[in-house]
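First, one chain by itself in structure tokens, the form predicted on its own.
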């Protein structure tokens, strides 16, 4: 049972990691804690749901579409809202994203009702049994998809000129501007890329998770704790923090109490930041 729980926790943590990486990327470039991040995950879940219901496109196949849709939505949100508060007081930045998230959740409740929806059966379904360990294939496929997207994002940041510009802004915004980097263009792209990560995670989650408006609050909070646990500004830290939270959720839910699993996440986070306030891998850069 312990091995079963560890496998389930790691699979769930892989998906959490993709959400968290997007949030960490936005923080690293703009210094904004995007409280609307979970709402974008929720929108991607609904997009995948209607893609399945109306267009008969499985959520796994819909993931590239969700990435593009959420990327352009992220760039649009940056142009309409974020660019006007990014250099303002910290409270203004915080309230702008918090208000945006609140608006998107309530819009979803108005358009689609608070009712739960699910994808009846993904193209990848069933259970893979290895000895006494049973692996749900939808979760496995979603986790592998999350790892693939996360790896591509990581390589993009490390190996491309745009990625190097993102790293430069994260390390020293003024120095990057003096080197001729267009701060607004890179910030808009980074915000869109962070939201695209949320879009990919939402589409992959739709294969097995309940879809409802308030799921935004849950995933937004988990991503925030994972990023803080791993270290704000560290993409690798966000990935590690998400894996830890996935394990805590499954192991704590079984060995302690299902009602306490999310409380245990916060306790683990508090314990680590008391010892290491900057997070596990926090270095102040992407």
Partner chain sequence: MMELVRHRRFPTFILLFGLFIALVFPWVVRDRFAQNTAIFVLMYGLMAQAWNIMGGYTGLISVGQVAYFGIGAYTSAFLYTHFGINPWIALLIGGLITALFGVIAGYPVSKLRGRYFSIATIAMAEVMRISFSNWEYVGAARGIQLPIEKESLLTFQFHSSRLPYYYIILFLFIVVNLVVYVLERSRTGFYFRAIRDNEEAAAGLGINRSFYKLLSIGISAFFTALAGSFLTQFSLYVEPDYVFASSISITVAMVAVLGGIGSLGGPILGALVLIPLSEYTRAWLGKQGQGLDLMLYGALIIVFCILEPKGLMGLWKRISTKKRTSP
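Bear in mind the structure is a predicted one, so any value in this text is a computation, not a measurement. Numbering follows the first chain given and starts at 1.
What comes next is about the form predicted together with its partner chain, which does not appear here.
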Using the partner position in the model of the complex, report whether residue 246 sits within 4.5 Å of its partner chain, counting heavy atoms only.
no
> Does residue 80 reach its partner chain in the model of the complex, with heavy atoms at most 4.5 Å apart?
Replying inline: yes
Exercise. Is there a heavy atom of residue 30 lying 4.5 Å or less from a heavy atom of its partner chain in the model of the complex?
Worked result: no
Contact label in the model of the complex: residue 176 to its partner chain, heavy atom within 4.5 Å
no
Exactly one of 106, 160, 182, 167 comes within 4.5 Å of its partner chain in the model of the complex through a heavy atom, and that residue is 106
Answer key, its partner chain contact in the model of the complex at 4.5 Å (heavy atoms) among 152, 171, 94, 133: the residue is 94
Testing 120 to 128, 138 to 146, 196 to 204, 83 to 91 against its partner chain in the model of the complex with a 4.5 Å heavy atom criterion leaves exactly one stretch, namely 83 to 91
Restricting to 207 to 226, the residues within 4.5 Å of its partner chain in the model of the complex through any heavy atom are 221, 224, 225
